[in-house]
Each structure stands twice: as C-alpha cells, then as structure tokens.
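The data below hold one chain only, encoded as structure tokens and taken in the form predicted on its own.
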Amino acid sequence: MMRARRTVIATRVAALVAVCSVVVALTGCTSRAQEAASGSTRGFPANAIIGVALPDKTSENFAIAGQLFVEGLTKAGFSPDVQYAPATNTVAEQQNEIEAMITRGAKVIIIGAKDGSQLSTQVADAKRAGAMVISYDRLILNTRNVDYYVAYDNERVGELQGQALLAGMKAKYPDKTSYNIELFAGSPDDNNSSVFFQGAMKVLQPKINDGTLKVVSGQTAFKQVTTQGWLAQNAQSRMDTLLAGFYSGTELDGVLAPNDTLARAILQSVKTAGKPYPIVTGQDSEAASVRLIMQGIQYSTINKDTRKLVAEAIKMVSELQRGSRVDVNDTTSYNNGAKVVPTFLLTPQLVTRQNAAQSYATDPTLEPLTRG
C-alpha cells in the first residue's frame, strides 16, 4: 500500500513540477500591498540556502509539496534545504530542524508548522540571525517574528464543506426534511483544524439550531470531534465507536470529514459496520478519494492545488531575494495573537462528481481519474 502511494505521489510530482515552475515565473495579478511592517526586504545572494520545514506526510499534499519545493527552488537558483517532522516524533524534531537551518545560514525559512503554537523560540532565533520567515499553509501563532503567510482561504474551505454536506444530503435523500449527522475535525495542534471547523459550523450550526440537522451523538464542540495527528486510524476508531453507540437502529445521513484521509477512514468504518454510505465531505484532492468520488462513494473534496501554493511561496522568496515588495492580498485578517501577518490567500474549489473533470482538467494525474 505504501509503495503504491509513493508511486502515485512521485507520478504527480513529476507531472506537476513543470507547471509549478511556470507559475513561479509569473508576476501575479493581485495589486502589491504596502511593504510589510515586519521589516524591509534587503535582498540576499541569488544562490542562498532556503529552508523549508514541513510537518509529517500524513497528507499526500505535504508529501508532494516537499518535492515541488526542491525542484522549484533549485530551478529558481536557490539552494533548498527541505525537511519533514516525522509523524512518530514530537514537535521538537521540527524545532531542531529549524535551528539547524538557521545554523546553516538560511536566508528564508518557509514553515508548515507541525504545531504553530510551539515555534516562537525558533522563529525569534531566525529573525536574530537575519532570516525572513514565511508561514506556509498553517499560521504560526503568538509571535511577531513571522513576516508573511501564504495559504488557501481555510475558513472558506470549511464553509464549502458545510455547504457540500447539506447539498449532498438533500440530493441523496429528497424525501427527508431532517438529517442525522456526525462531525469530525482535524488535529488540535494544527491551527487550520479549528479554522476549517469554524467555517463549516457557520453553515451547519443554524441548521442544527432549527432542527434540520441532528448530531445524534451530541458531540458538537471542537474539542469533542478532533482527530489527533490527522491519523486515519484515530478517525476510524472514533467512527466505529459512534456507529456502535448511536446507530444500531438509526440511519446516518452525513459526516463532516475535514480531509480526504479521514473521509476514507470514516467510509471504511461504515463499510465494515455493514451500513449504507452516508454523504461524506473531504479536502486535498487525494487520488484515492477522487476515485471514490467518481464511484459515488465519497461525495466531495476540496481542490487546493499544491502547485499554486508552493509556487506562490517561492515567488515570495524571489521577491525577498531581489529586495522587492512582497505581493500580498490580505493585510487585515490574519492576526496570530501577536501581530497581523501580511498574507497571500489562494481560492479553494469544491469538487464533486459533477464538476471533477472540469476541476482537474489541467492536472495530468487526476484528470484521467475523472473519465468514464
């Protein structure tokens, strides 16, 4: 299974690198904001070391991102230093990797935080050493030493998931006026998990309040529905418990799943229990889930094209290297608890069976999965 998964990832990366490098070269369409209050961009050598500290590879997109960073930074003339914090280790592993990048003289450190609340010491050390810090995908919290943030609009991701859950149940159960659902969220040490959940609940909470939706287990608080480490086995175990405890004689109509890995685990739990598949949401456009969507098993995912996100981060690095103003499109929304971080946001896209072919038309790996 792991060998097959690595093959899929390698295939996707090989096909995407060329596209990613083209995107890096583009100047972008958004207007330039005022230079970030975090400091001037003084420029640095074109062949400088650029550190990239990513979390574990539980998400296929992070595995792809690491390889795209190596290829894209190299093509742009930099010396990439890309490291992961393994899932079996604590956040201390990522802390050590960032400190090592500082010691090696990295001029920019791009950080996809394993735990965004535990990196303030490391980013302070980076700033003292003269490095710029870009928060990638997950916002680093409670520190003024983050220069920029690049991500998809993650609250919008949650809103799209909530909308998909409602639309999918309405289409699948046209005779029902109320629906039984369960809620799942991501890992509590990932700041994005609460943002996804908050976005989804903006859509779902009014329907819970008016009785359209019933969370049969009663578990609606974020702390009750998190999935430690974003691990599939944790989601499957919780779904097993929910089905055994609350659905022996009750139909389950829908599940809010925050990403594709957890969606597949939830669906496996339902299958093992011998129950009909409910409407299940997802995120990340993982190949295995796109197949399930085309088979009518998983209802939806969110397309957050990793090529574009990596390319935007590399574009920031190139602007910093030249001493140019960095292109951002949001200078008000992302307060990390210590400062408002200048941000470049990309737009996520909801994908169902109906629009999958269009959504992945330019993705040479996923597009073939949508045929037939």
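Everything numeric here is computed off the predicted structure, so don't read it as measured data. Start at 1 and count along the sequence shown; that's the residue number.
If you look for the form predicted together with beta-D-glucopyranose (BGC), you will not find it shown, but the lines that follow are about it.
For residue 331, no non-hydrogen atom is located within 4.5 Å of beta-D-glucopyranose (BGC) in the model of the complex, even though that partner is not displayed. Using a 4.5 Å cutoff between non-hydrogen atoms, residue 196 counts as a contact of beta-D-glucopyranose (BGC) in the model of the complex. Remark: residue 159 does not count among the residues lining beta-D-glucopyranose (BGC) in the model of the complex, judged by a heavy atom distance of 4.5 Å or less. Put simply, residue 143 is far from beta-D-glucopyranose (BGC) in the model of the complex: not one heavy atom of it is within 4.5 Å.
The partner is not drawn, yet in the model of the complex one stretch among 97-105, 167-175, 276-284, 218-226 has residues with heavy atoms inside 4.5 Å of beta-D-glucopyranose (BGC): 276-284. This chain lacks the partner; the member of 321, 61, 67, 343 within 4.5 angstroms of beta-D-glucopyranose (BGC) in the model of the complex by a non-hydrogen atom is 61.
Only one of 264, 127, 138, 238 comes within 4.5 Å of beta-D-glucopyranose (BGC) in the model of the complex through a heavy atom, and that residue is 138. For the marked spot (192, 230 and 304), a heavy atom within 4.5 Å of beta-D-glucopyranose (BGC) in the model of the complex is present in each of the three residues.
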